[in-house]
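Quick heads-up: it's one chain on its own, the form predicted alone, in structure tokens.
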């Protein structure tokens, strides 16, 4: 974690009545390194953050600040991604013995579908950082084409036609089209994953803070954007006969020393962030993963300055339990997901100013499998002034 990130953070601990503490935090670094020799910006590799009010402590492990309501439960439920990157002796003493037990248990399992799994993060790395001009490491071969066997003409057609036209591209287009007040934007991204949107939008941003629940994703995002160490390899799927991830990629690591960009672990439903500090708040493909989707627009509104912009996108793959809850909230005349989510944002004080249906969003699973989603994406403004 960068020391410059501290001013944006607040205590996420929940108190009586389910209210968050939201008090400022104090930084207790154990190991730190300077980002640039001539600045006061430094990277905290280990240590903790302490709430100035309730005195709850939140660990910083291998540079990743873990700012969640229940640290103990988080460490055990994300043991796979943490254990791959953090030495056991660096786990806080009060959690260490139980962490070792949890790690011993997962070594007996084969689970590759959770958000800490290498294969899952590989799919997001491709989605965030590769385009149709990208190649494999030390090769001129496009990343989706096999070297030894015939390529799938169907997979090739889908990638060529749709891969570069996803939500990232749509947001880039919208921000590039601003005609007034083109000053750079203070930006929060909720559910940032492995951090590729920052690189895509960098020319338009003054500052950026990415928040995600996956330790592995945040570690990778910090590695690729800030040059911080990450012990995992950057590999992607090929032929599954060779393993779940078997091919090296040529994703370049960038070194941003500005002190205005960082990534932290946090829970979207108990965010560790100060209110009304951002011009732009982006949440992509997350609302259908929340138990209470109606809270997301309220959350984004709370983070934005008056007149700030929220961007939301999703293919709306609802779980029936959540869909049932959502149907109870909606007026009878609204019977599709896109209109439903737009209505939720309007009820939270947003004016929908730009709207795009059926934006393609692809996941390359391996040489013979690709997933194609149809995404709804829109821009909402917290006030009634027109988007610029």
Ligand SMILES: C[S@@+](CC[C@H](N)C(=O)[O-])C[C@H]1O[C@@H](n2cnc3c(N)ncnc32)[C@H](O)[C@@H]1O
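Residue numbers count along the first chain shown, from 1. Bear in mind that the values here come from a model prediction, so they are computed numbers and not experimental data.
Just so it is clear, the following notes concern the form predicted in complex with the named molecule, a form of the same protein that is not shown.
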Next item on the list: Identify whether the named molecule in the model of the complex is within 4.5 Å of every residue in the set 128, 212 and 290, based on non-hydrogen atoms.
Entry: yes
Answer key: of 244, 257, 84, 285, within 4.5 Å of the named molecule in the model of the complex (heavy atoms) is 285
Contact with the named molecule in the model of the complex, heavy atom within 4.5 Å, among 268, 234, 136, 117 goes to 268
Counting only non-hydrogen atoms, the one stretch of 297 to 305, 260 to 268, 87 to 95, 140 to 148 within 4.5 angstroms of the named molecule in the model of the complex is 260 to 268
In the model of the complex, does residue 272 have a heavy atom within 4.5 Å of the named molecule? no
Could you tell me if residue 238 has a non-hydrogen atom within 4.5 Å of the named molecule in the model of the complex? no
Does residue 361 make contact with the named molecule in the model of the complex, using a 4.5 Å heavy atom cut-off? yes
| request: Using the partner position in the model of the complex, report whether residue 277 sits within 4.5 Å of the named molecule, counting heavy atoms only. | output: no
Across 186 to 221, the residues having a non-hydrogen atom within 4.5 Å of the named molecule in the model of the complex turn out to be 189, 191, 192, 193, 212, 213, 214
